[in-house]
Structures are given as C-alpha cells and as structure tokens.
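Here you get one chain, nothing else, as structure tokens; it is the form predicted on its own.
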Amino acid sequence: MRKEYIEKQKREHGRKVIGTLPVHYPKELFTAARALVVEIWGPPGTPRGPDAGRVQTYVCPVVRNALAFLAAGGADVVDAMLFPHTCDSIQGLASLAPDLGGWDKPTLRFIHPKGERRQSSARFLRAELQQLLTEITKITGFTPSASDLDDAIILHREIDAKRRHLLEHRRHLPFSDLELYALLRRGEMLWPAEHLEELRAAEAKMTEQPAHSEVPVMITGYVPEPQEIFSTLGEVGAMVVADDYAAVGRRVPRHDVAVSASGLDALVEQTFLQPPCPTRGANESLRIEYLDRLFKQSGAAGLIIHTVKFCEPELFDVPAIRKHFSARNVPVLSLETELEPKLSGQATTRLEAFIEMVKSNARAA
C-alpha cells in the first residue's frame, strides 16, 4: 500500500519522497519544500533480508530491521533518507546503510538538541533546521518562501491540535483502540493535508456522552507494535485513555506557541514545547512529573510501560517510572517486546492478568 501511495504522489503531484527513521524531525520543512515524508519504524516482523546480521544482536530491532529493509531494496522508491539523532544506533545507521547495505540515495541527518531550552540549544537547533532545509531543497529542486514555510507550520499545528483533541477526549470516540491508532499512525505516510481531513472526519464523530465503559489505562513506550496489544486490551475490557508513545502522543505539543515567532524561529520554539522524551535527553524528574499529570488528568486506573527490547533511551527511565507509580499504589505492568508481528502468548497472558488486577482494585475501591 505504501509503495503504491508513494508512486501515486510522485506521478500525480510530482513530489519527491523522503523516508525517515524515528522519531523527532521537523515535518514542516518537508511540507514547505513539497516533499512527502514516509516513516520507517523497522518495519515490524522478521527482518526483510540478511543484512540485519551486520549489526550486533543487542542493537534494537528498529535499527536491525531498517538496515535489512533498506539493503533489500524495500525503500528504493524514496528519493532520500533522513536519519534523526534519536539514538546512537539510528545515527550510526546513517553510515551503515550506505557502507554495508549498498544504499545509494542521498542521506540526510538531523541532530536535535538534548535537554531543556537554553540559548545555546536554541541557536544550535536553528542552525540544524537551516542546514536541513538547504539539503531538502537540493533534493526537491524547490526553495520555499517565508510564506510557504509559515503555511506549512499552520497546517501542522492544526494537525497537532486535532491529534491532541482526539487523544484527550478518547472516551468520546466511537472507535476501538486499534482503529484510533491506525488512524493516528497514518500520518506517518500520508500527505499532511490528507491526514488532516481524516482527523477532522474522526473528530466530527465524537459523542456528547462517553462512548466507552472499559477499564481505562495509560500507556507509555516507543512504538505501538505489535498492534495486537490493542485488540488484546479490548478483548479483556480495557482501553487506552492516555498515550505517551514516542510514535504518537509524545510528538504532539501540549501548548500552542505563545510567541509571535514565524518561520524557523517558530519551529525552534515549538520543539521545546513537546512532551518530555528520553530520545531528546529529557530531564527524568520533569518527565515523571509530566507522566503523573497525564495519568491523573486522564482518570487512568493502571499504567503499562511498553518498551522495545534494547531501546536504551526508553529503558533508562523505566526504573524511575515504576518506582514513582508503584509508590502511589498504581498498578504497573512493564512489557518488553520486539518488533514481532504478533503478541506472544506470554505477553498476552500478562496483559490479561494485569487488567484483571486493575479491575479488582477498582472494585475494591
């Protein structure tokens, strides 16, 4: 489906297509330069080619699968690849893919600053944005004007606002978790204006009264794979009411930019308004405060920490998150998976047992 969609974008709209590894990157620059971005989260499942074996087995499956996918020609339809500095493994993949995988397309890099906003980090980020925009225009052959960039920023702000609204009013959406996440993740491949139309259509279906009565849980993690986790939760009478996945909720700014900045300056400011993320070196205490606030506001009754095996940025925070919520008598399930196509029997059993415990606690209260 993705290949067909990409080819259609090229054929009917003359757009260049740039693939990207996770997680954080300035989508607005690509939209302004008339380039479609398609995200590659592995992809999930068994590595599509032998080149996964070119990196150590203890490297995260997102990187191993991506190397195999690129080397096997899975992304030959795109015109270039972007490698954000999500972690050392993904940044290193920018060199491994051309050298070991035979990738011969242009390779773009984007390094976002780590930690909280400082004058030095803001200057660094602006320089990175300008450099990336220059590289993008070399590929697309189109140099966006200031108004083109501002239009793209406005478009993506509306997308973020719709996504935030859908997540925060989850109980009023007549969709299963599986349906909602499928919708939200379509933004990983669609032209932004098309994704916005889908989000508007979903928002229009919101009900005045809650459409769900399932046990509410909060989930934090890297990427919602395997997607079977949602169908399993639904089968045992639970639903996600608060999301902190790096692939989903953690990429939605929680506040509008309250400054008169435009262009690259606006992108700098709103970068620091995103929820705390360990892949951007977020302060651990600030992240726990954010998660605690999100948990309370959502009315969740339990917390699922869903990590990808060997994902170091995510794993660093897990002990502190467990300690914080356990001390508040919140049921916590720490679930580690790889990018398998289906949830394992053991993981399914643990999910079912966890939800039963959450239900028991709710009945006792």
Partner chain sequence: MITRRLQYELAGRAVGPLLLTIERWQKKLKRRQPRREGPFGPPLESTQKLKELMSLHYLQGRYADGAVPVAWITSGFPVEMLRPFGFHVVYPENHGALCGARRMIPEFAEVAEKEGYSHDLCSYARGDIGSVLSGKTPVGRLPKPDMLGCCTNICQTVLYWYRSLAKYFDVPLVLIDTPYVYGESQPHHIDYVRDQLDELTVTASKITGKPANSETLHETLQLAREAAELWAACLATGKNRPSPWTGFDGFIHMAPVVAMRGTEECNAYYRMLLDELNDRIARGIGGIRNERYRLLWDNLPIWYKIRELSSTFAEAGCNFVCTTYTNVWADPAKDLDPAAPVASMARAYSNILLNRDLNNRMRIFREMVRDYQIDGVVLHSDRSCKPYSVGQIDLKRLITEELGVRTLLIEADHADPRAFSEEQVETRLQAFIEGFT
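Numbering follows the first chain given and starts at 1. These figures come from a predicted structure and were not determined experimentally.
From this point on, the text means the form predicted in complex with its partner chain, which you will not see here.
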*Identify whether its partner chain in the predicted bound form is within 4.5 Å of every residue in the set 15, 154 and 192, based on non-hydrogen atoms.*
no
*Evaluate residue 111 for contact with its partner chain in the predicted bound form, applying a 4.5 angstroms cut-off between non-hydrogen atoms, and reply yes or no.*
yes
*Is residue 317 close enough to its partner chain in the predicted bound form to count, meaning some heavy atom within 4.5 Å?*
yes
*Looking in the predicted bound form, any heavy atom of residue 128 within 4.5 Å of its partner chain?*
yes
*Would residue 53 count as a contact of its partner chain in the predicted bound form, using a 4.5 angstroms cut-off between non-hydrogen atoms?*
yes
*Taking its partner chain in the predicted bound form as the reference, which of 73, 174, 106, 115 has a non-hydrogen atom within 4.5 Å?*
115
*Scan 202, 94, 294, 167 and let me know which has any heavy atom within 4.5 Å of its partner chain in the predicted bound form.*
94
*Heavy atoms, 4.5 Å, its partner chain in the predicted bound form: which of 274 to 282, 175 to 183, 73 to 81, 144 to 152 makes the cut? Say which one.*
274 to 282
*What residues, if any, in 30 to 48 have a non-hydrogen atom within 4.5 angstroms of its partner chain in the predicted bound form?*
none
